[in-house]
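A single chain comes next, written as structure tokens; it is the form predicted alone.
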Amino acid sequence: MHSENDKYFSKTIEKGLLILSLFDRDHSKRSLSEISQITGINKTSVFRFVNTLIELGYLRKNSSNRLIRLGPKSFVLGQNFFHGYDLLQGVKPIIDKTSIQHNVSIDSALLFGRSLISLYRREHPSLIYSRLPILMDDLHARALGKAVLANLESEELTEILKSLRLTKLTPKTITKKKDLLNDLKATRSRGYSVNNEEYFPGMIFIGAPLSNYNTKVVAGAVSLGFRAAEFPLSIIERNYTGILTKMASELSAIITSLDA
């Protein structure tokens, strides 16, 4: 987080990037009023920012309904980021290899503030489920989220739990703080998390933390996904936890090396 007195921090760039960040897979178009309301930037300034981004090609405006969408320059920027991101290029071969060898779907994510950002997903053809959002806030119901929460320092975990909404997503979702803390304690003890149909009915996930070995800080998580009808939890724990923790160790080594 930047300091309000930091003379080298550009609030203009901050606002422009904030506007661009409002567009994602679930919100492909926005109105000027909507952008102003969400960002808290007055409509005159929003018009100026949006018009500039349109002129530069990062946004485009529909001529009939005046709604704003991402422009071609944003697509190019996203592709350049995707193909040039060192961490992504490092983890992708390991995840691909593990997925192919063991016929499992694999998700990975990085910790960003109090949320997780999707890093890379390898989906097994026979195990296609609801798409993984880019930004994940429901950490209590995900193997990825619980793997991260269980490995935070107690003070940081306490702060996150203050604002974390334990939303009930399936009949098995943990919705009580005491139960979640017990689950996280078990997760830390055994070295992996379990999401037993807590986010998707009929889906079981196991997750492990990704750490920066230099700083001893949890950086994200990786998970394996299974159909509950085909893989009982006992079978998953017996046959796949070693595969998961080995992959997590390899991915953590990459995260550490890139921070050197």
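Residue positions are given as counts along the sequence shown, with the first one as 1. No experiment lies behind these values; they were computed from the predicted model shown. Between two forms, the rigid core is defined as the largest C-alpha subset superposing within 1.5 Å.
The form predicted in complex with the DNA exists for this protein as well; it is not shown, and the discussion that follows is about that form.
This chain appears without its partner; in the predicted complex, the one residue of Thr215, Thr39, Ser28, Ser31 with a heavy atom within 4.5 Å of the DNA is Ser31.
Picking from 189-197, 40-48, 202-210, 228-236 the stretch near the DNA in the predicted complex, with a 4.5 Å limit on heavy atoms, gives 40-48. Lys246 falls outside the set of residues with a heavy atom inside 4.5 Å of the DNA in the predicted complex.
Mapping the unseen interface onto this chain, Lys61 counts among the residues with a heavy atom inside 4.5 Å of the DNA in the predicted complex. The DNA is not shown here, but in the predicted complex it comes within 4.5 Å of a heavy atom of Thr12. Core-superposed comparison between the shown form and the other one: the CA of Ile206 stays below a 2 Å shift. Core-aligned CA deviation for Phe49 between the shown form and the other one: 2 Å or greater. Positional change of Thr39 between the shown form and the other one reaches 2 Å or more at the C-alpha, relative to the superposed core.
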